[in-house]
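Read the single chain below, which is given as structure tokens and is the form predicted on its own.
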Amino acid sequence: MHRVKNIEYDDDDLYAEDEEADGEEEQAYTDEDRQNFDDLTPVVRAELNEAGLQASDREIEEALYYYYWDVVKSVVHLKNTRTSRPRQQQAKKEKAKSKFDQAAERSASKTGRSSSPPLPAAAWFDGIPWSTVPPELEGYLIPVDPPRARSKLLGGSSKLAKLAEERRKKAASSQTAQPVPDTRLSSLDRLSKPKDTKENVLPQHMKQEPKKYPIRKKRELTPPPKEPSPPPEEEPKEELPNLRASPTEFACTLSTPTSQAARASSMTLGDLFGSSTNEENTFKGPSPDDTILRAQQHSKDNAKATKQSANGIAKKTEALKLDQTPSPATPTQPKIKSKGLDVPKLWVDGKAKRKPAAAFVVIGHVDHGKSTLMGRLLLDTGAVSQRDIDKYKKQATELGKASFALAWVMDTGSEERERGVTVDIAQHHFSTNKVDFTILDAPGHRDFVPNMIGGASMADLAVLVVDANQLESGMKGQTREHILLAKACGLKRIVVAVNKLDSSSPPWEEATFKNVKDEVTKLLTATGFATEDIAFVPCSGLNGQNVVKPVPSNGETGWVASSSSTLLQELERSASGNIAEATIKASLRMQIADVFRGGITNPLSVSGRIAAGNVQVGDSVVIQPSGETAAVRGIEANSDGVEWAVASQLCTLHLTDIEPQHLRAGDVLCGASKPVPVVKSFVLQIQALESILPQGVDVHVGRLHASGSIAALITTLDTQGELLKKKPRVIKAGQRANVNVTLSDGGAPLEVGDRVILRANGSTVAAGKVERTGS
């Protein structure tokens, strides 16, 4: 009997051999295959003829196709299929007789029996018909089971022994239907059983019962479980007033059916609910609205009482703390109200008592001594003590830069001190008997030109520092670009400090000074500075000669004392402090130069220069382009707290009611009545410094830096502003033109008259003013 698995096949899995054969016959070769057959079949046939073998074309083609046109393999394959291989019969090795066979032979030799090999089963029936079997050959095969020792379970307390005993009892009860006494033994009874008693076997005398021991009771849990605590008593619920009010007589009249109009006069809603009311006391009770209002007031009083009790508990808990520390959070400040001061009138009235103020930006090529010269100016005017200079000198000496001690007065950052290069705008205040000054030390490196533009946009005049010994390198470097940027930012007055004349050869040579003066004057006048707005001062910033203190009138510096004033005197002469009253009365315009934390009481502060208008404590201002409003909490000018500030002043405003993420450098703080529009495109009248095409540019407006592009070249203009050509293809260097500039980001706060500088690939390409704004 064969066992066959019942496997269900899908129709797709079943196929016929005829289909496979048909598919092989229908196999089609390509033209390339046919060409290979024609070329290689004769070669294979020739090889087979040499070996004396024959093969059909079909067999040769199949061999070639199977072996991928390999002639050698095809020939070998065909030879193997036609050559008969002789079967090599290997002599079987006789197996060594085992010890059992040897013992059987020895026993047979002893008994006289031959140890002939046993005959196969078929040999016993040779020549004997199946129908006539001699009786002497008949035999019966009786199956005999080999005796097996009965397995005994070890251990009287084994679970298997108990299970076997229970099964036997169940089988006996099913046959006899008589109750069988329980013969299970406990552990203690088994100890008293005699040794010759066999386990798992019923005893012969069923009546004799072994000695039983009492079953031990289950011990109680110690300690006893605790009784469940009674549930907490529920707080008595407050009884709410019944908000349901009886309907008015008018409502009852409307709700009464027509058929019951006769009875409506005698039956009221009070009769239905079991209470009688008379017409005379209908309006004596509270109205439904009064009932609802009373209930609402009652719930408010309860909530207020609950809140007061909670606050009282919280205050008592806080009072119990021993290690309570004050919270570092900023205390809540009351809102500041504006005093409504007439700032323009106050400014005009105090003009006679007030010293003029001016801010100047220090520009020039890198390593021409700008920071050192300003450090010397602050030291000699008393703005910085000699003790601070000695400390800076000691620290600079440890870094091997002892000559940078004065420069560290302005360069306060660790990166600036390590590299010896100014990175950002350094701002410092000092005062003389005539003028209050603010120094804006701009970086000279070309990588930080955007910071220089931001500093020049906040200044009233410029101080150009030129190294007398490296004039040529400066003219080819940042000296020329800084002069162009200073003019593009609207600066008209410039003071040229010819520095390091003490290290020239020979020192303090007048010819060296005149040579520098002539070269720089040509560049300044070509850029657009008037001759009367240019002043030259020979000086030495490292030694402090002719900076604040005049040089001796005799010796090698005699020509300096007779022909030039000191740098401080020239700065005081250049600081006019004249501001048009119309500028102060205009709407507030202040570009944010920096955003910082002013202190615990002033968590958010901004600094910058007020370009137009005025501001006072308590004013509400708008920050563009975010459009957020803020309140002015306090004002500082020259590190002193003031109540108001006007145009041309560098001040710090402490703001409130605004989040820090809405403020950034370059944003414009303006009056709430007339904010600056935010535009994405504008028309710019430029002076080209390089050839310009429609291209991508970086747009700089003071501290604002945005990405944009010159979308179109509109017109080119002459020196008088007259039209020369419309839609030019290119604007050459030196030409004036109108171009359309588009900003890539969300827009920038710009209005007509703002000064814009365009840069591309690390150089300034154009500068000009906004003619009109778009969307």
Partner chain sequence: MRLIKQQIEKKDGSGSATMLPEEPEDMWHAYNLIRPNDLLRASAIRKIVKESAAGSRSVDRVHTNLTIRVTKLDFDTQASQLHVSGRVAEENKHVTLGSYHTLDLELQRNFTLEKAEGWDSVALDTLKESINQTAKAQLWAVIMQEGLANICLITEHQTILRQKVEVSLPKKRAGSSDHDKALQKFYQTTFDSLLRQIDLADPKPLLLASPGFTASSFQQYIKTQAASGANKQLHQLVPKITVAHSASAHLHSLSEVLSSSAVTSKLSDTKFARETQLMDRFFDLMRNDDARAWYGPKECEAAVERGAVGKGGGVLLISNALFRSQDINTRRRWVQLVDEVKDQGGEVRVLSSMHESGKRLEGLGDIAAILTYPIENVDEEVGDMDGGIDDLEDEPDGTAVNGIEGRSEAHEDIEI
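Numbering follows the first chain given and starts at 1. Being a predicted model, the structure only gives us computed values, none of them experimental.
Below, we turn to the form predicted in complex with the partner chain, even though it does not appear here.
None of the heavy atoms of Thr531 is located within 4.5 Å of the partner chain in the model of the complex.
Gly753 falls outside the set of residues with a heavy atom inside 4.5 Å of the partner chain in the model of the complex. Contact between Arg493 and the partner chain in the model of the complex is not found at the 4.5 Å heavy atom cutoff. Contact check for Arg609: no non-hydrogen atom falls within 4.5 Å of the partner chain in the model of the complex. Contact with the partner chain in the model of the complex, judged as any non-hydrogen atom within 4.5 angstroms, is confined among 374 to 382, 346 to 354, 658 to 666, 484 to 492 to 658 to 666.
Proximity to the partner chain in the model of the complex, defined as a heavy atom within 4.5 Å, singles out one entry of Glu165, Glu556, Glu572, Asp424, which is Asp424. Checked against the partner chain in the model of the complex, the residues Ser414, Ser673, Ser562, Asn543 give one hit for a heavy atom within 4.5 Å, which is Ser414. Using a 4.5 angstroms heavy atom cutoff to the partner chain in the model of the complex, none of Lys337, Asp367 and His429 count as contacting.
Contacts between 362 to 382 and the partner chain, taken as any heavy atom within 4.5 Å in the model of the complex, involve no residue at all.
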